[in-house]
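The data below hold one chain only, encoded as structure tokens and taken in the form predicted alone.
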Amino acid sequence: MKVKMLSRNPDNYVRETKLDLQRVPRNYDPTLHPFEVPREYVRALNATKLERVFAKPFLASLDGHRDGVNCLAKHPKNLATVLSGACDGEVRIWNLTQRNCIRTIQAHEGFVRGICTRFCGTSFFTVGDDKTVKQWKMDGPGYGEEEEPLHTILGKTVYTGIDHHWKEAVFATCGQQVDIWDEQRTNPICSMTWGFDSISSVKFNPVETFLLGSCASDRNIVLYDMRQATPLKKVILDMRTNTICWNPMEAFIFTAANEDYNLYTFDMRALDTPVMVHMDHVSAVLDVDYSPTGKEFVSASFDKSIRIFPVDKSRSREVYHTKRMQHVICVKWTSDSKYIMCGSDEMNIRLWKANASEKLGVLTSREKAAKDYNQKLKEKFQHYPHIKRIARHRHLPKSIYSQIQEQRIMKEARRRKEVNRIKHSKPGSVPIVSEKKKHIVAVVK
């Protein structure tokens, strides 16, 4: 006679200590779990709802400036240090962990037009309306010492922007032309110009560090090579570009913030067509900055809001606004990719979370596991209508909401007119122009 016995190894189900979790034997055979997908759908729905419930992105407001904040700069080595320049010529250095101002400098007469830090973080440069470029020490003066710049360069024209090379002791300024300076000299190494209009901003490429991009008020975006000391090529758009920002991960990609409410991501190898047109703002876009990961960027607009766009999407994933925030002039994404800073007209610098519902502080291993699980569920069910609607919904101020509706009507009217024109014309006589190519006037090499 056969006797069947159950044989169990206690190691498989007995806890080693009472602090451990109970081990639960699980059989993952799908035939035993017929309701797995509906159960996961409910979990994904709840995770999406909770994400919107806990979406509280605003962290702090740094006040102290007596005029609108015109430019921001990050410290390259220290996450907590931020520099800001105001319209009254004042520069302040902030400590983000303590959320207070640690140093104030009266740097210029009139606006501070641009501010940038040296790649090693020991000093920073400012340009202003008083036609000067000044270099300052990052550390404050010692006891009894005056607050004096290390170097002052007096130029012939007003400088409107400045940026420092990522690896060498070289910086670039822009105004009537793009000037490349050595830190030790009082005259530029070389001056580059193409056209006769004022240039509003200049940026060094963080990957191919000899390349620069600049945007001028005659609607041009011009690319330069510092080694040849010549312009490479330029693209002319329908309206003026306010500033550009290079992707820190992909050497050829940059994004331009335009006056026509859009942002354009270009590949510099093929400037005739943008890689993507990013549309959501309802007023001129004034500034743009990339996340250190290169996957997203943040834009600041005259419509009193900031938006976060994925690089490969035409619509923003997030919009931030407050009742008090006026026209946002400058924006920066911090180097740890977790926070966003914006400076606006009403003298405040605001600190936001990059992920609105992210929990700050130390997460336990169980919290991390739950967060990752919920994230995967949301990705799996993201296209289901109910979940998609909840995840996409954002409350907007009445002014922005009504402008969006108005622009939607205008866009639909233009589309209808185009369709009618094609319908009542000889086949092939009216060219069909894609949305990407509509705004490009010409590319000049």
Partner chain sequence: METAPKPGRDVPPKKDKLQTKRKKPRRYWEEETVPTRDGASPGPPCNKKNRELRPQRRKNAHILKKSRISKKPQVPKKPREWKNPESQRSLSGAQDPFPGPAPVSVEVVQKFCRIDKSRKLPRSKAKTRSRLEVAEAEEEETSIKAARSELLLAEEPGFLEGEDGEDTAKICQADIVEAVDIASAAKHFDLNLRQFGPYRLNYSRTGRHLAFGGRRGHVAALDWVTKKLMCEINVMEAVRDIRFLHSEALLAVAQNRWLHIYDNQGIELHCIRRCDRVTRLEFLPFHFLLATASETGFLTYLDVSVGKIVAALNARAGRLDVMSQNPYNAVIHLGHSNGTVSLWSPAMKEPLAKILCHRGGVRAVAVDSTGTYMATSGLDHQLKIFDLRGTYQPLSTRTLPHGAGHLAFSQRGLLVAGMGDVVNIWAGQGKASPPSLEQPYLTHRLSGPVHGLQFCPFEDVLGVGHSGGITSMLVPGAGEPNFDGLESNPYRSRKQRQEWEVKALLEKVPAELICLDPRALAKVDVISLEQGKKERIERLGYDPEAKSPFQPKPKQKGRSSTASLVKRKRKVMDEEHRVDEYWDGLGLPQATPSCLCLCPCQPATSHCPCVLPLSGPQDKVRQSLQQQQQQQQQQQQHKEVKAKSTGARPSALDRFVH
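Source: prediction; values computed, not measured. Positions refer to the first chain, counted from 1. For clarity, a rigid core is taken as the largest C-alpha set superposing within 1.5 Å between two forms.
The form predicted together with its partner chain exists for this protein as well; it is not shown, and the discussion that follows is about that form.
At a distance of at most 4.5 angstroms from its partner chain in the predicted complex, none of the three residues 378, 395 and 401 contributes a non-hydrogen atom.
With the partner removed from view, the residue among 390, 37, 55, 60 that has a non-hydrogen atom within 4.5 Å of its partner chain in the predicted complex turns out to be 37. In the predicted complex, its partner chain lies farther than 4.5 Å from every heavy atom of residue 409.
With a 4.5 Å cutoff on heavy atoms, residue 23 counts as touching its partner chain in the predicted complex.
For the chain shown alone, residue 8 is a contact residue for its partner chain in the predicted complex, at least one non-hydrogen atom being within 4.5 angstroms.
Put simply, residue 31 is close to its partner chain in the predicted complex: some heavy atom of it is within 4.5 Å.
Contact annotation for 181-205: no residue has a non-hydrogen atom within 4.5 angstroms of its partner chain in the predicted complex.
Core-superposed comparison between the shown form and the other one: CA of residue 33 displaced by 2 Å or more. After superposing the rigid core, the Cα of residue 435 is displaced by less than 2 Å between the shown form and the other one.
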